[in-house]
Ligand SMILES: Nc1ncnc2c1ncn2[C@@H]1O[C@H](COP(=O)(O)OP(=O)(O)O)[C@@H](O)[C@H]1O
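Take a look at this single chain, the form predicted on its own, given in structure tokens.
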């Protein structure tokens, strides 16, 4: 099992006020799965993704990654794990402004202490990641010259640059129109078909149906965990729109 969570609880304390974002969450994710975590605002889904992505620690509970309890990792080890094994895609893209597409995609390579690539090797890695999202022709353009869809595809390329085991996508279509969002979901489905483990956070039921399994969250708890019976194939949907 790639990910095993047991009794994960997250409590935020402000003064004398406690806010329970997660309550005794149990979950397992196998390598190669495409899992959607769905729920309304305030349900705890983004907090759960942050813990799964090692961006935050739980208040209590156990998170085992590939057989190792993540509580045993110090901050430096967590940082290296995030950079080497995880890729992150966010609703707001989080690209550096007035910086080229290629430089944005290359950024995680600067923090990868497990590999030392030459300039030529880095360029080859960047172009391969851009080719995976059909953005190689925009490598020299700056991010302010891109459409919203192109910015998100650049962000996906950046997430792929270190060949991560897991892609975490937090509302990746939230700032996009329906057609562009469908194109992004097609890319994620193709990456899943190529073997990537993908964890998608969304509040939209239609977006969640692109995954193969759906976890539904309410008030910090997983209330349902089931295969997606009516899964959407973005490739077929995209062809119908043309």
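Numbering follows the first chain given and starts at 1. In this text, all values refer to a predicted model and were calculated from it rather than measured experimentally.
Not pictured, yet referred to below: the form predicted in complex with the ligand.
Asker: Is there a heavy atom of residue 210 lying 4.5 Å or less from a heavy atom of the ligand in the predicted complex?
Answerer: Residue 210: no, not in contact with the ligand in the predicted complex.
Asker: Is residue 40 part of the interface with the ligand in the predicted complex - any heavy atom within 4.5 Å?
Answerer: Looking in the predicted complex, residue contacts with the ligand include residue 40, since a heavy atom lies within 4.5 Å.
Asker: Is there a non-hydrogen atom of residue 44 within 4.5 angstroms of a non-hydrogen atom of the ligand in the predicted complex?
Answerer: Yes.
Asker: I'd like to know whether residue 21 contacts the ligand in the predicted complex, with contact meaning heavy atoms within 4.5 angstroms.
Answerer: Contact with the ligand, yes.
Asker: Heavy atoms within 4.5 Å of the ligand in the predicted complex: which stretch among 65 to 73, 191 to 199, 25 to 33, 45 to 53?
Answerer: Of the options given, it is 45 to 53.
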